[in-house]
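Quick setup: the structure tokens below cover two forms of a single protein chain, split into structure 1 and structure 2.
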Structure 1
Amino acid sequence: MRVGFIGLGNMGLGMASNLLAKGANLTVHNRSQNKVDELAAKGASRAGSIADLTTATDLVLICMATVDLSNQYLLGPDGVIENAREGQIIVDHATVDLVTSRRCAEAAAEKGALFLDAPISGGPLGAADGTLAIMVGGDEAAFRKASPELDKMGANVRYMGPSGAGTAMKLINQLLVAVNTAGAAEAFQLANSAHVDINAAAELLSVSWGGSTMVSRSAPITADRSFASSAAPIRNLVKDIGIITSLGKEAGLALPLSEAAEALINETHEIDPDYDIAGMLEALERRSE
């Protein structure tokens, strides 16, 4: 199977590198050429345009940094779907809104192509290690065909359901990251006010009902107040929580905790866009003053 990869950014470069290292027949395209050169040196073919890449491959993977870029590269003129053909499989790894995922699936279907929404979780480290979680929605037969290639990039590749289910699953995870991190910040603020050691609290919580992955992750960062610079900067969560609360409004779903978390996330972003998500504690403290 000839595989194409578009978007060699923070995540895409690691993902494409793993495809190559595990033997994929890979063609790549990217706006800045130095990333293309890096992969070409390891054996990837180059495509000068999206049209060239799409025409030359059977499976097109794309991972753009913003919803606007995903829309442009997938749905725009000279984009992937305009150049797609019968039976071709197109996989979007970006976190976008449900409307975008479903619009891509419909546009692809008009060309006889198959679109999979397949957001990723695990960060740049997971992309580099090939241990990403990949949550896939769309045609199940297309998923089975694409799976051997997706498995080269991820440790937890899961079929979640029909078109949009992969995107929904990613949004579900991000909703919980946002709410559970905000909840942990409130809990740790209470711990500080009562002179309870945060790491001791987290240790007890890990065997109690209040435990969560975000409590365990935030505790040492919060105890040390090492919020500056992080692999999980608040600016990424600003984008995702915005998609989630917009979806809630469009779909008429009440999401009161997500909305409360969004306000806190935006306040943390105003302190420093590069702050760790656990830095929500500081936004809380500013409100409490």
Structure 2
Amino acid sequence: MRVGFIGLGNMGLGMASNLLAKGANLTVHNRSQNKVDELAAKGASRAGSIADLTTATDLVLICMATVDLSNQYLLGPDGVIENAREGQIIVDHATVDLVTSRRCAEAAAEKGALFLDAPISGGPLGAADGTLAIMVGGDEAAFRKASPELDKMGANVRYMGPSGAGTAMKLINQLLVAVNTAGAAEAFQLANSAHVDINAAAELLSVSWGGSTMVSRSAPITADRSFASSAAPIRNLVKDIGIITSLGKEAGLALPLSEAAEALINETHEIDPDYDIAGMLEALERRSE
């Protein structure tokens, strides 16, 4: 199978590198060429445009940072779907809203192509290590065909159901990331106030009911206050929590914890959009002054 990958950012570069290292017949495209050069030096083919990549491959994987970019690259003029052909499989790894995923699936179907919404979790380290969780919605037969390539990038690849189910699962995950990170920041603020060592607290919490992945992740970052220039910046969570709370309002759902986390996330974003998500501690400290 000829595989194409578009978007070599914090996540995409690691994902594409794993595909290449594990034997994929890979063609890549990216706006900045230095990352294309890096993969080309390891054996990947270059595509000068989205159209070139789409017409040259059987499976197109795309990983963009924003909903607008996903729409542009997938649905825009001379984008992936405009150049798609019958039987081709298109996979979107971005975190987007349900409307975007379903619109892409419908547009692909009009071309006879198959679309999978397959957002990812695990951060840049998981992308580099090939240990991502990949949650997939769409045609199950297309999922089975794409699975050997998805398995090269993820340790936990799961089919979640029809179109939109992968995106919905990622939003569920991000709701918990937002709420748990906010909770960890609040707990660590209390720890600082009570002169409890944060790393020691996290170690004990890891074997207590109060522990969570986000507590374990945030503890060393918070203890060192190494919030700046993160590979998991708060600006990404601003996008995700905004999608979640909007979806809740549209569906008439009460999401009070998400809304409280959203306020804290937005305050952290105002401090520095590139702050690590654990930097919510600093927003809490400013509230407490």
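Please read all numbers here as calculations on a predicted model, not as lab measurements. Each residue is numbered by where it sits in the sequence of structure 1, with counting from 1. Definition used throughout: the rigid core is the maximal C-alpha set that superposes within 1.5 Å between two forms.
Of the two forms shown, the form predicted in complex with another copy of the chain is structure 1. Under the rigid two-part model of the rearrangement between structure 1 and structure 2, R102 and A200 move as members of distinct parts. The chain behaves as two rigid parts between structure 1 and structure 2, and the smaller of them turns through 13 degrees against the larger. Relative displacement of the I271 Cα between structure 1 and structure 2 on rigid core alignment is 3.7 Å.
For H195, the CA shift between structure 1 and structure 2 after superposing the rigid core equals 8.1 Å.
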